[in-house]
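In the form predicted alone, a lone chain appears below as structure tokens.
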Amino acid sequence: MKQLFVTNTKRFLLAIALSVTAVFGVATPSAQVEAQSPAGVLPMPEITIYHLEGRRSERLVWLMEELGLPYTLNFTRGDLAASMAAIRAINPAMPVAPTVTYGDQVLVESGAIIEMILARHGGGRLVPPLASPDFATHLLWIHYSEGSLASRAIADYRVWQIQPPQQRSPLVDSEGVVQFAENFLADNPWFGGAEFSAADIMMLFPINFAMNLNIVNKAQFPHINAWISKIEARPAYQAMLAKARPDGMVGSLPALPANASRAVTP
């Protein structure tokens, strides 16, 4: 009797599932389900990273090197205009680096692409455990990298090129957002907390932008400088440089005067 009840229940649930599929046309391809590994890693389509040397697209190359995943890198060495033409050809509506083809999809936004690749193909790597306190701060720094740090540093850089400030803003400015990161690294080895994570990949670009262009005074941030040294020693980071920036920085922006990052009184 119990076996009959279980069998009838399974048939009932199957009938509901088939009805939902018939009405809404939604079904999970059985081949895809079977292809998933026990760790929940989905089969990966072909990935092409359309790249500009020294730009945010480096994050995707670095990520794939850290994970050991296959990808195609598309750029013209030493020629930003030609590399941008390739991006416009594949993504005319939003020609930005990175532009990534993921199977039949064309994707932008490096942070979103990183999170998607980790969720589908990372197998738990470069992300703190879900129940760990580090998981929350890992996500914080992934989004802080662009939402707070890069946006403020780029805004200050553009304004200061037009009119150097007489004093720093009494509100949060580029020095304040970098100092927040410095304070975190005073108590944590990585932006992922105890371990290196994708948050560190996201944070390097705006940190380098702020420091190398004299938007902030690099000497003020010893913990960040120590973190950069650890980053630059990583084999995957070195592999990224060899593939994505073989001739060093191409088309660098002009740095601000060396004293631009210092507070000045009228």
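Keep in mind that what you see is a predicted model, and the values were worked out from it rather than measured. Don't overthink the numbering: it's just position in the shown sequence, from 1.
In what follows, reference is made to the form predicted in complex with a small molecule, a form of this protein that is not presented.
Between 64-72, 230-238, 211-219, 51-59, the stretch whose residues reach within 4.5 angstroms of the small molecule in the predicted bound form through a non-hydrogen atom is 51-59. Not displayed here, the small molecule is kept clear of Val106 by more than 4.5 Å at the level of heavy atoms in the predicted bound form. At the 4.5 Å threshold, heavy atoms of Ser110 reach the small molecule in the predicted bound form.
The small molecule in the predicted bound form is approached by Ala97, whose closest heavy atom lies within 4.5 angstroms of it. At the 4.5 Å threshold, heavy atoms of Ala86 stay clear of the small molecule in the predicted bound form, well away from it.
For the residues Glu146, Asp134, Glu115, Glu182, the 4.5 Å heavy atom test against the small molecule in the predicted bound form is passed only by Glu146.
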